[in-house]
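Next up: the same protein chain in two forms, each one alone, written as C-alpha cells (structure 1, then structure 2).
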Structure 1
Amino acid sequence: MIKLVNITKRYRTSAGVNTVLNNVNLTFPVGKSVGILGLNGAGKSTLIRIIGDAEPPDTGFVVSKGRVSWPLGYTGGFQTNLTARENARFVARIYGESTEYVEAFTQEFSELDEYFDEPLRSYSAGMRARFAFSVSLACNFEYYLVDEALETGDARYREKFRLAFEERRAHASVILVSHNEQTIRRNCDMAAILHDGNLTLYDDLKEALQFYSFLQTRAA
C-alpha cells in the first residue's frame, strides 16, 4: 500500500510560484498497477520522485508498506565516482539482496561490456539510464516506479526490457508515468490524472484516458 497524505510541492519560476501538487491525498490500491497521466509540466515526474523518496515534498508525507523501488531510470541516487559494478553491489547491500546475483544480473542485462568497470561519471545519459534500469530489475520490489522508462533505448533493448518487466509485474504492482496511451493500456489496471495540482484516481482506465484526451485537445 502507498498512501499520499497532504502532499504539496511548489517551485519558484520566473513567472512566480508553480504549485504542481496541491495538498494531494490518495491511496494507491494494493495489487493494482496505476498509470499517471498529465500534461507536460503537470508534475508527474516530481510525484514519482516523491513516492520513491528521491525528492521531499514541501509539506505532507508518504506512507508505504512493502518494498518500493526508486524511479526506474533515475540516476540521481548513484555515486558517479564509483563503477557500475561497485554501485550494483552497494545497492544490493542496501536492499539486503545477494551482491553476487545483483552484480551478475546487472552486468548481463545492461550490456555495458567493458564500461561496467568504469566510473558512472564517464557514461552518457543513455548508458546511465541503462544501468539504472538493469539494477532496478535485479532487486525484488513490491512496487515498481516507472517514469517513461519503457520507451527508452533502441527497439531491441526496449523489447528485452519489456519482457523482463512483465515478469516482475506478475508479482508486483506498478506506478507508471507515460505519454504513450498504448503503454498505459498494456501495463496498467487503472489511472490517475494529475491536473492543476490535483490528483484524481479513476477505477475505469477507459474513462481516465478519455478525460486525458480531452485535456490534450483543450491544451492544443
Structure 2
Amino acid sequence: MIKLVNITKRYRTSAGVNTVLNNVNLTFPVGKSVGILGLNGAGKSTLIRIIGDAEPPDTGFVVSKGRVSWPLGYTGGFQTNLTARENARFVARIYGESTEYVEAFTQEFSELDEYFDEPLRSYSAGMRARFAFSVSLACNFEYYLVDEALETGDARYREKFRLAFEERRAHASVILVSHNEQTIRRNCDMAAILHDGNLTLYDDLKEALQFYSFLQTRAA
C-alpha cells in the first residue's frame, strides 16, 4: 500500500510561488495499476519522485509498505560513464540483492548485447530505458514507479515489457505518470488526474480519460 498524506510541494520561480501539489491525499489501491495523467508541467515527475522518496515534500508524508522501485524513466539513477553491467551491480548492492543474479537477468532481459559493457553515455534514450526497466524487473519490486512509459523502442520490445509486468500483476503494481492518454489506456486499470495542484483518482478509467481530453482541449 502507498498512501499520500497532506502532501504539498511548491517551487519558487521568478514569477512567484508555483504550487505543484496542493494538500494531496490519496491511497493507491493494492494490486491495481494506476496511471497519473497531467498536462506538461503539471508536476507529474515531481509527484512520482515524492512517491518514490527521491524528493522530500514541503509538508505531509508518504506511507509505503512493500518494496517500491526508484522512479524509472529515460534518465536518473545511473552514472553515464559506467557500463550497464557496473550500474546493474550497483543497483543490486544498494537493494541488497544478489549481484550475480541481477547482472545476469539484466543482461539477458535488456538484450543490449555488446553494449552491455559500454558506458551508458553511448546509449540512445530507448536503450537507457530498456536498461532501467530490465534492472528494476530483476529487483522484484512490489511497486514500480514509471515516469513516462517506454514509448521509444520497437513494438516487439514494448510487448516484452508489457508481458513481464502482466506476469507480475498478482504481486506487483505499477504507478505510471504520463501526459499521453494512449499509454495510460494500454497499461493501467484506473487513472488519476493531476491538475492545478489537485490529484483526483477515478475508479473508472473511461471517466478519467474523458475529463483529461476535456482539459486538453481547454488548454489548447
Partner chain sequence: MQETSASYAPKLTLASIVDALNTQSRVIGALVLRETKTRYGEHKLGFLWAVLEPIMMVSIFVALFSALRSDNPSGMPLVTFMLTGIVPFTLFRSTMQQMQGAISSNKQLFAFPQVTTFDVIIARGILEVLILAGVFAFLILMVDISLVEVRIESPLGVLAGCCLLAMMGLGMGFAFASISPLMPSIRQVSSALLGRPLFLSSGLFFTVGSVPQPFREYMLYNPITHVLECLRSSFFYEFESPYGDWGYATIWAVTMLAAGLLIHQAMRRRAIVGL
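Each residue is numbered by where it sits in the sequence of structure 1, with counting from 1. Under this definition, the rigid core comprises the largest set of C-alpha atoms superposing within 1.5 Å between the forms. Not measured: the values here are computed from a predicted model.
**Q** Only one is the form predicted in complex with the partner chain; which?
**A** Structure 2 is the matching one, since it is the form predicted in complex with the partner chain.
**Q** Could you check, with the core superposed, whether the Cα atom of F165 shifts 2 Å or more between structure 1 and structure 2?
**A** Yes: F165 shifts by at least 2 Å between structure 1 and structure 2.
**Q** On a core-based superposition, does A129 travel 2 Å or more at its Cα between structure 1 and structure 2?
**A** Yes; that C-alpha moves by at least 2 Å between structure 1 and structure 2.
**Q** Could you check, with the core superposed, whether the Cα atom of D117 shifts 2 Å or more between structure 1 and structure 2?
**A** It does, since the D117 C-alpha is displaced 2 Å or more between structure 1 and structure 2 after the core fit.
**Q** So, with the core fitted, how far does Q107 move at its Cα between structure 1 and structure 2, in angstrom?
**A** For Q107, the C-alpha ends up 3.8 Å from its position in the other form.
**Q** Just grab the Cα shift of A84 between structure 1 and structure 2 for me, core aligned, in angstrom.
**A** So the C-alpha of A84 has moved 4.4 Å between structure 1 and structure 2.
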